[in-house]
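Given as structure tokens, the chain that follows is alone and in the form predicted on its own.
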């Protein structure tokens, strides 16, 4: 069993050991990972790191002690609210990530429904494509999640099917913007209208799209309305540490009404010797560095920087999807509207699992889609550097899977 060493070790050796520990990791800098990271360039990484370190030891729970963090967090929240068309009186909470943002949305909706509707056995009706975090958070909170399969061929939520599953215990509907399995937007306006009609909470999971979709729309792509511009949307989760390009540990949970946060989100307690205790999040102590890094990145990039990121991602997707569709036997699933897409084998003679294995053997971290079987990619700005290499390897792997002579030594560029 590993024990704390009796004597401390020199940092130079520890630093070298840490670098060596990464030797078998996939290279996100070279764009060889399909998911799990968000990266633009070394210049932005330096901004993230230096801003984070500027607030390395400050606790964002202690706004009275660190009023600068209260100001920085407030400005990040205001920028997020403005971007997502929040009405006057809206509010938001800075969280550690999409999981916490979704947890808080469910918790707040549960307590609202208990107090204002008398619901004690709450249910949430959601598309089957919604992220597993939704069910995980609901499990902690004692909320039953009803996942509704879609009969549509465009991978979007079946609103009529969701309506059929609503009962007296239902407190919430949700839609994704976009969903993670296929990268398409649920019909948010239709789900929100249904929520209004039935007097239900409506949550939009925009953890992926919240800080990318507005900029993709600005550069000319057809992105449906999904935020507070849609009547009936009650809350939104949107991750800053995804396409907001902030350091890890940064998300927003946005609410249409301040009173919902004040009455049903914030935890308060005073039955102990120290006096009043109040927290708006699931955390206690919160890293000030995450707030500072988010604030610095948003100001450093500005609208122009986010538009540049949107252009890079959408052009990279165009090149990749076009190249994949040009390989006989492969086809990209349509539609796909933002940064995520899936491709599969259109030829029954090809095994997409074997294709995935072949790409992994060539040093690519492969995202494997279960239904339908396929390969899943979630694009970053720096994936633009890997397009030619990826397509060359994919062509070689497909040729090898078909048993083409010499395929194992097919051209590949590194």
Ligand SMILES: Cc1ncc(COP(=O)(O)O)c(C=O)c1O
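Bear in mind that the values here come from a model prediction, so they are computed numbers and not experimental data. Numbering follows the first chain given and starts at 1.
Keep in mind that the form predicted in complex with this ligand is missing from the display, and what follows is about it.
Proximity of residue 102 to this ligand in the predicted bound form falls within the 4.5 Å heavy atom cutoff. Taking the partner from elsewhere, residue 133 is found to have a heavy atom lying within 4.5 Å of this ligand in the predicted bound form. For residue 186, no non-hydrogen atom is located within 4.5 Å of this ligand in the predicted bound form, even though that partner is not displayed. With a 4.5 Å cutoff on heavy atoms, residue 126 does not count as touching this ligand in the predicted bound form; it lies far away. Figure note: of the listed segments 80-88, 220-228, 111-119, 202-210, the one touching this ligand in the predicted bound form, with heavy atoms no more than 4.5 Å away, is 202-210. With the partner omitted from this view, the residue of 317, 261, 241, 286 that lies near this ligand in the predicted bound form is 241 [heavy atom within 4.5 Å].
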